[in-house]
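Next comes just one chain, in structure tokens: the form predicted alone.
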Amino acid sequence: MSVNLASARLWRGVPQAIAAIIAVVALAFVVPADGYYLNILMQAVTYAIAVSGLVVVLGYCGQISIAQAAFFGLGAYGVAIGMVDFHLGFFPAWLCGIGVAGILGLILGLGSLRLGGHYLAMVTISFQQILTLFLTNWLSFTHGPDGIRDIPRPSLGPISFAGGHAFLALCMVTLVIVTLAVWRLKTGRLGRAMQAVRDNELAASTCGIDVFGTKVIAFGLSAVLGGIGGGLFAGGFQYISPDQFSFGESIVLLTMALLGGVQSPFGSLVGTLVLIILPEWLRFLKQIYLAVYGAAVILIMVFLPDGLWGLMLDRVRKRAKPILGEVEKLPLLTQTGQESAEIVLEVKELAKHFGGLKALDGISLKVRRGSVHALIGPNGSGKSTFINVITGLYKPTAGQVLFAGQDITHEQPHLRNRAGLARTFQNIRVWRGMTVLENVMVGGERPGNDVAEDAALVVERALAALDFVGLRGDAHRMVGDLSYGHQRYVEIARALAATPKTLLLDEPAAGLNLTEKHELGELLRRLKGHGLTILIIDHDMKLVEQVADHITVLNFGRRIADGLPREVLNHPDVIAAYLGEPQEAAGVVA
């Protein structure tokens, strides 16, 4: 199956791309010779390439950028200045413009380290305004408000693109290639990482994804695509000026992406065509055509929040069928195991203070390989804080965390995951913009996993994990369409696909009904039987008693008991912590 999947992935979309290239070249040469029609199509094509950059940074990665016109302008000025002032050929000048746009995009992406949402949007707006001032006022270099005229068109060997039809063909072929590349990006490892960052950064970081690095790459790719479109724009119109790349144009590009569907390059293409061609179609309405055009755009964005392409995609998803075919079982299921004396996770005097509140106060514990170690305690005892410190979401105030003999106290969350430490969350953190299979594939793509570098094997591993939790039949569904309990199973499957050394479960039974809790208990016992090391936090004492080999009890951030389940659950301090009364009065643990 893996060979077939790999071959299918390699060639997927290639025949369609070849057919599209042939079609657009033919179309370019049958467009009426009137410059008006050529200009309309030239603008639509070059803008669509730039808008595809917004699909990457906003649609895939969820980072707001209102500076795409700036990168579009950098590509255009790279071609114009390179050819007119430095007498470079079109393609070297184009590469220079794309390179400058890409570098500045990466630098702008660095701002995403500490900023997000509207703060990041303000930074991109500022960048856009600064570049506009730069283009307008540096007369000796950019030619100022007068712009740059007589930009020559290129030739490639015996092929000349000086004619409008030929250059339009070049632009349209570039658009096809860019659209295919952006589409393939979404279905690849980096694209899934971007979508994970977009939907939930915390979950992404604990699944081995370098969140900051992914954001920077998204900004860089977006800027490069803007530069590609801008360079073609300069060659197409043979004249550019600063006002063509202003803040207003960034808003237009953003509107095009949102209108068509920002999560697909095909959507961006649709949105671009609508915004450029629709006003021309409505000119017969004379004085009111702009009002009708504006009303149409508003209605589409209000009633189709996923854009025009999103409406079509929803219908396709509803027709998707379950994925059939046998796959190899999880490597975990090929082994049996039991608790050993080896310590896989050790915590020494761990403390975490939030101001004057000591959420953790000198906690020490050891988790043995192959065991199920339960961490329990009343609400507010510090259990979730403990697991957040262990996985790197919180920085400890004091203490040390050792995993597989390595000190990971100060490691980033994604590096801890890559070392083999996987987790689920108390509040479910699945990526709702992705299918069930895509969610689990991200786990299989953890760097260091045995299948991470082979896309076909990642699919097999994800399907095997879904088989284990009983959700194979839902692989094609959007994860947000599943029940609450099944979304928890998706989290577990995602963690198992990463082939972890230790699995941390943060209240996996929370919100489940009795039937789902029983199923969860059976699943955990199966994992235990195959030797997976598990650290579980839960309030369900029946579940804990069923699966735990060892229990540690926290109260007010301190460890009050540690040992075998029966001994711990009958400890007077544990009973008092849960019931607020001595053992003699309580009799049993609730």
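Being a predicted model, the structure only gives us computed values, none of them experimental. Numbering starts at 1 and follows the sequence shown.
Omitted from view is the form predicted in complex with ligand ADP, to which the following refers.
Note on the interface: of 189 to 197, 372 to 380, 223 to 231, 267 to 275, the segment with non-hydrogen atoms within 4.5 angstroms of ligand ADP in the predicted bound form is 372 to 380.
With respect to ligand ADP in the predicted bound form, the three residues N39, F90 and F161 uniformly fall beyond 4.5 angstroms at the level of their nearest heavy atom. Interface residue among Q263, S241, Q426, T499, judged by heavy atoms within 4.5 Å of ligand ADP in the predicted bound form: Q426. Taking L357, I298, A341, L514 one by one, only a single residue has any non-hydrogen atom within 4.5 Å of ligand ADP in the predicted bound form, and it is L357. In the predicted bound form, ligand ADP sits within 4.5 Å of a heavy atom belonging to Y394. Heavy atoms of T385 reach within 4.5 Å of ligand ADP in the predicted bound form, making it an interface residue.
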